[in-house]
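As a starting point, one isolated chain is supplied in structure tokens, in the form predicted alone.
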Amino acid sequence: MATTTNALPQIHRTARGFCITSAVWFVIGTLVGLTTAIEFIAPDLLGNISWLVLGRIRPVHTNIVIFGFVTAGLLSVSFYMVPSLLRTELYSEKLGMITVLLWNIAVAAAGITLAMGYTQGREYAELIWPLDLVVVLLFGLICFNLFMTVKQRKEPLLYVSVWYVLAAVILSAITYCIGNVIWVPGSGALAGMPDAIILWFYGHNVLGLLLTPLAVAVAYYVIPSASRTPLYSHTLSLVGFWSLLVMYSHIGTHHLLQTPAPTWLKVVSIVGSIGMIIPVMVVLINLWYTAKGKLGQIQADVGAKFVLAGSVIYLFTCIQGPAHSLPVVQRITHFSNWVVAHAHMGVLGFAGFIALGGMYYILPKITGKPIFSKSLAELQYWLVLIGMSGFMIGLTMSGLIQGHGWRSGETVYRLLPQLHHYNIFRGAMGVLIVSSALIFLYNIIRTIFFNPGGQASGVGKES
């Protein structure tokens, strides 16, 4: 059957599927997050509706954003990028589409069960045991598809982005099993400090061994490609890869400095946290030297611009994180909005920006059509940049007020009025983020399904 100019390519279906998945869950996840922000402003506004209370919608928000939006977006780019770098086709688009379907079912089931109150009560590891099995199965399917793609490759050299993607999926499958205590059906938990240590081994590695390597892989692909210049140093890229695995895997205990965790483990986690400056600076030096003298070309491509901004935010994230691991700092910042600011900076600012940029960059390649509206993509860039920056600044200030107040013996009820205007500011920034998510979903859907070549009225033309 002859194809028309408007038909979607038969290849890259998995990449398109994860791209749509990311766009849909970006909207849902940010809407739930905005609801959370509103509850901080007006706690009684939504009454006592059980599935809307803060204790339930907060884990709904975090799980949807991490797995539904950011991880799916990075996987979308990975399923295009890995076959392209290996000069072959994805091993099985059919298996890839099954993975996309199951991924959406798992994220939807996670949101529903958490809203109903079915949870293991462990931060970032809230999903009930049957869903844990599904998540591990999904990582297994992704590993199989990508490793078989590597096996049939025509390109003998494995570019560093392929290293990062393969490491991310295989290590995340392992850490998910360990961190969610998958060998204990039902509770999915141990008891006492061993459970807390294992939990934060997993909780920190969601960012460190899943989102970070996937995001760095995308950045290593997009920046050289958009700037039309080779990667500055292949050797540095490998130094960054191995130092990330060495430094990041054991630093989760810095979340437990106020607990009776073993002192040696606390020291190891603090040293590793400070040592994270090595892989971070190696990656950023490599990326920024690649982009040196090519900023005009990068700024002209909206996807590359997202990715470059994400790399800058990565620097700020990895300055704040090691600082927070120091006991003298943590006495002020722990349990405060400082930590919330850091989480938003890492997930949305670093990994989220790069996921959005990567999807915009590959969109013309996986659809055979230009982006529906580059102007909307530029508007989204500024909305999400201002919104995320507002989160970072407002929540950091709020957290410092909280921490210093508690350290001075101030009671919670006297501090809350001082934080109210910060919560209002937080909600306003949330409106910007939700608006950017809606724009992204609209742009993605129009590009993939309703953009016949993107030539009408100049819409969709790339400069």
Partner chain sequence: MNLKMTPKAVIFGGTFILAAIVFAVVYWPWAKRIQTPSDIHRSRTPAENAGRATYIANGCVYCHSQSVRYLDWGLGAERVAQAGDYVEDRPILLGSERTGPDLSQEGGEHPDDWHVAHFINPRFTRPHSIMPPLAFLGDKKISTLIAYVQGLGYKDADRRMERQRFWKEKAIEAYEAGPEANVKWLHGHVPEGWRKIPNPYPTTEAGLRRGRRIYQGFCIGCHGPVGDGMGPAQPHIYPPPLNFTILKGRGISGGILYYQIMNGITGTAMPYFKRELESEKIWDVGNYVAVYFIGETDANAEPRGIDASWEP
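Remember, it's a predicted structure, so these values are computed and weren't measured experimentally. Numbering follows the first chain given and starts at 1.
Missing here is the form predicted in complex with the partner chain; even so, the following discussion is about that form.
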Inset, instruction - With the partner chain left out of view, choose which of 95, 385, 134, 239 has a non-hydrogen atom within 4.5 angstroms of it in the predicted complex. - result: 239
Legend entry - Listed residue that, although the partner chain is not shown, lies within 4.5 Å of it in the predicted complex (heavy atoms), from 128, 282, 298, 166: 166
Legend entry - Contact stretch among 299-307, 333-341, 356-364, 97-105 - heavy atom within 4.5 Å of the partner chain in the predicted complex: 333-341
Inset, instruction - Please state whether every one of the three residues 171, 174 and 234 places a non-hydrogen atom within 4.5 angstroms of the partner chain in the predicted complex. - result: yes
Inset, instruction - Evaluate residue 140 for contact with the partner chain in the predicted complex, applying a 4.5 angstroms cut-off between non-hydrogen atoms, and reply yes or no. - result: no
Legend entry - Partner contact for residue 402 in the predicted complex: the partner chain, 4.5 angstroms, heavy atom: yes
Inset, instruction - Would you check, heavy atoms only and a 4.5 Å threshold, whether residue 209 touches the partner chain in the predicted complex? - result: yes
Legend entry - 4.5 angstroms heavy atom contact with the partner chain in the predicted complex for residue 406: yes
Inset, instruction - Pull the contact list for 403-422: residues with a heavy atom within 4.5 Å of the partner chain in the predicted complex, in sequence order. - result: 406, 407, 408, 409, 411, 412, 413, 414, 416, 417
